[in-house]
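Next up: just one chain, as structure tokens, the form predicted alone.
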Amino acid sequence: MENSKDKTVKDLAPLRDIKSSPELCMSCGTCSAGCPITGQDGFDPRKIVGMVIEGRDQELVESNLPWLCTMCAKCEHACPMGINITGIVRTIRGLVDRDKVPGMIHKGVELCLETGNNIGLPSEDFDFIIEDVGEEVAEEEGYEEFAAPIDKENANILHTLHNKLVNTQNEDLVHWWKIFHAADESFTIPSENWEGVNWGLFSGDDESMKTVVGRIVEHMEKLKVKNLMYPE
């Protein structure tokens, strides 16, 4: 099988999902006008598309440009030619050696694959935090009967969690749970592999991305949950 490293970005991320020539960019700059970070540290989506068309893949792989992108896709929605700009950026990121991925993104991917969450929080700490926040909700008038539901079957919503909600922003959990309780909404939280932020998606690591998505699918099937609440 041909190694993806031997293919160009144009091979791996066609600029448009049709069978015509990928060189559809008119250099109109509409993508750059719609991008919220155009001009910051030299970032410009039109420049990235142009470099891909010119075959300057290695320059992009070795640069910081693809990591500046927020993946908001405003550029893609603005493009009159329908060019797949976010797909291009993800493809470039995926071609970067994992030990050269900036920040802690890839480390978070590795931790998630190993522990079920991006920060490597032990299961006993997770259980303590969820129980503690649930007790905080139950202390308020009108919520005395509240208890955070873990691995509840036949719930309407599977509530996957952003790691920040568990690690540093517990107060946001309180808000969500009070809303669920007031609305008499049936929800549940998975006890394992609870991470809802897929850093494999952001880093261009497709295999890891699929693994994390697969875990969520398994939760929904095992617990017979109807709907998914995804934090990202």
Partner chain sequence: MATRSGLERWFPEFFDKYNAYTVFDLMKSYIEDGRIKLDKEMFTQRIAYHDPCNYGRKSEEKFGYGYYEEPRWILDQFAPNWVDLFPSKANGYCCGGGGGTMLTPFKEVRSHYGKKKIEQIKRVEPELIVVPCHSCHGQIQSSLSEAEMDIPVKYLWEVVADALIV
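By rigid core we mean the largest C-alpha set that fits within 1.5 Å across both forms. The structure displayed is predicted, hence computed values, not measured ones. Residue numbers count along the first chain shown, from 1.
From this point on, the text means the form predicted in complex with the partner chain, which you will not see here.
Interface residue among Ala147, Leu113, Ala73, Ile150 relative to the partner chain in the predicted bound form, by the heavy atom within 4.5 Å criterion: Ala73. Proximity of Pro102 to the partner chain in the predicted bound form falls within the 4.5 Å heavy atom cutoff. Contact annotation: Asn193 falls outside 4.5 Å of the partner chain in the predicted bound form, judged by heavy atom distances. Under a 4.5 angstroms non-hydrogen atom cutoff, the partner chain in the predicted bound form has Gly34 among its neighbouring residues. Shown alone here, Val61 lies farther than 4.5 Å from the partner chain in the predicted bound form, counting heavy atoms only.
For the stretch 143 to 177, the set of residues having any non-hydrogen atom within 4.5 angstroms of the partner chain in the predicted bound form comprises Tyr143, Ile157, His162, Lys164, Leu165, Gln169, Asp172, His175, Trp176, in sequence order. Superposition on the rigid core between the shown form and the other one places the CA atom of Pro190 less than 2 Å from its counterpart. The Cα shift for Gly82 between the shown form and the other one, taken after rigid core superposition, is 2 angstroms or larger. Relative to the superposed core, Phe43 undergoes a C-alpha shift of no less than 2 Å between the shown form and the other one.
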